[in-house]
Every structure is written in structure tokens, then in C-alpha cells.
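Read on for two forms of one protein chain; each stands alone as C-alpha cells, with the labels structure 1 and structure 2.
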Structure 1
């Protein structure tokens, strides 16, 4: 079977490039900690660690200075809690579940992005270094009011 020399080189070059890309992404995942959501250890989201779950405010728990755990609930068409206030430099672990259908959350200008399903808990962690307001939105279609579903993380000085 005849393969042109240029074509052979092109295939090698393109294959090599893909290997380089894949290696870079692997480094980012393993060594820089840019992780995807996986299987969360916590499977019952609400009040598992003791403490009161206020259905109106959601549940934010300070584990240590600048270490927070947030339980979040998504339902058509709102997030609870809708507003989260934390000091700058805080590392927050979110445990997010859905009460009804599939939702999603993206916190703007962060790497936080996950789907939210009934029956599963999404666990994501992020460190908010820069003060400011981080809007979060539902990024999976969830019915006629989907575009109203949002909230914000306020990172204070």
C-alpha cells in the first residue's frame, strides 16, 4: 500500500501534537490540581455532619478559618443558598444536589462547573482568592424559567 511521504509526515506531526496536548492536560490535572467532578464521598447532602439545615438559607459551615463547606440545593428555578458570603482566600467545598430535574452550575470566572442530578451529589472545591462578586448560573436547560436561575458568591476583603 502506497502512502505519500508528505502525508506520512503530516499524520506523524498531527499525532505528535495530540500527544503533547494530552500530556499538558494531564499535567494540569495531576500536578496543578485542575480536577473534574467525580464520585463524591458524601452521598447524603443535608445535615449529615450535624448542624442545622435551614431550608431558606441553605447551609454554610465554617470548618476552620477560611475553610468552608456549602450544601447547595437546585430546583426549578432557584438555587439555595442564593447568596454566599465568604472572606477572600477561602477554600470552599460545595456539595450540590437537585430536588427535581437536571440542573447545572457555573460560577463565573472560576473553574467551578458541574452538572446537578437528583440522586447524586456533585462535589467541587475552589479557592476564592480575589475579592468581588462571582455570579453563578444554571447552565443546563431546566424548563421555561431556566434563565432566571442564578445566584452569587460575595468574596469580601
Structure 2
């Protein structure tokens, strides 16, 4: 079978790109700890409402020194709470709920990035080592006011 020289070169080029992409994914997954988001491992059933820390509200609570838990609500174009203040070196576990439609959250300059599905709770844990302001945004288009959906984590010294 005859294959034109240019066609053969393009086939080799495409095959080479596949090898490069597979190597990049392997390096990212094995050595850099990059994980693809998955629903099954990041969701737990929604708990009952009520109590001091009502699951239907956004709140922050300190579990131990430099260990915090945040219950975050995502609803029509806002996050609750919109501002989270913690000291540097704190480990924060976020429990994030969606009250209406599918949202997403990405905390800039961190590895926190997940989808938020109605009826499920996304659980993400991250340690904020460096002081500063970490902006978080919805990264899943959710409607006309999507671009207003943001907040910040302020890490104090």
C-alpha cells in the first residue's frame, strides 16, 4: 500500500503528539499528584438541617488550632460565606453544596478545583501555607450572573 510522503509524516507527527500527551498525563498524575475531578470520591449525602452549624447556611468553625471546617453554599450567583479568614498554615476542609444548579469552584493559586452538583456535597481539603488573598470563583457557567460568583480566602500571618 502506497502512502504519500506528506501523509506518512503527518501520521508520525500525530502519533508523536499522542505519546507526548500520554507522557505528560503520566508525569502529572504520578509525580505531581494532579487528579482528575470525580464525583464518586468527592461527594457524600447531604446531612440534616439544624443545630449550631446548620448545614443550610454557610459557616466557618475551628476544629483545632490551624484546623478549620467550612460549610459553603453555592446558589444563584453567590457563595456563602464569601470571605473566609484563617491564619497561615491552616488546613481547611470545605464542604460545598449547590442549592440550585451545577456550579464549580476554583481557588486560585491552589489545587482546589471541583464541581458542585445539586443534592451532593463536594469535599475538598487544602492547607494554606502562605499568607495572602486567595480568590475563589465559580468555574462552571451557571447563568447570566455567573461572573459575580466569587469570594476570597484571606490567609493572615
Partner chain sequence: MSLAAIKQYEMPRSERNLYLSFILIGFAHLMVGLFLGFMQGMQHAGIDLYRVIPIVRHYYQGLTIHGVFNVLVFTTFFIAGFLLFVTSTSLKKPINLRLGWLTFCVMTIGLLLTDYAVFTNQASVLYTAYSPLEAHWTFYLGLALVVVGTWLQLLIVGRMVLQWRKENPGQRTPLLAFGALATLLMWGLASIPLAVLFVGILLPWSLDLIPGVDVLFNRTLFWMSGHPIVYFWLLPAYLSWYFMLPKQVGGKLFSEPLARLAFLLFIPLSLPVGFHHQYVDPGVAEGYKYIHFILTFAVFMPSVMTAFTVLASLETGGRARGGKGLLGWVTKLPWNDPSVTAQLLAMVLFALGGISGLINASYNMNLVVHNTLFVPGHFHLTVGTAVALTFMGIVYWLVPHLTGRRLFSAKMGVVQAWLWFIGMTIMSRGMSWAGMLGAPRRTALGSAPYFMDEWVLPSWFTAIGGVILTISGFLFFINMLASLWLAPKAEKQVEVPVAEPLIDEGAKMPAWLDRYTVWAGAAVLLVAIAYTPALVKLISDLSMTVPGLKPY
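All figures in this text were calculated on a predicted structure; none of them were measured in a lab. Rigid core: the largest C-alpha set superposing within 1.5 Å between the two forms. Residue numbers count along the first chain shown, from 1.
Mind telling me which structure is the form predicted on its own?
Structure 2 is the matching one, since it is the form predicted on its own.
Verify the C-alpha shift of residue 127 between structures 1 and 2: is it 2 Å or more after superposing the core?
No; that C-alpha moves by less than 2 Å between structures 1 and 2.
Does residue 26 show a Cα shift reaching 2 Å between structures 1 and 2 after rigid-core superposition?
Superposed on the core, residue 26 moves its C-alpha 2 Å or more between structures 1 and 2.
After the core is overlaid between structures 1 and 2, has the C-alpha of residue 13 moved by 2 angstroms or more?
Shift of 2 Å or more: yes.
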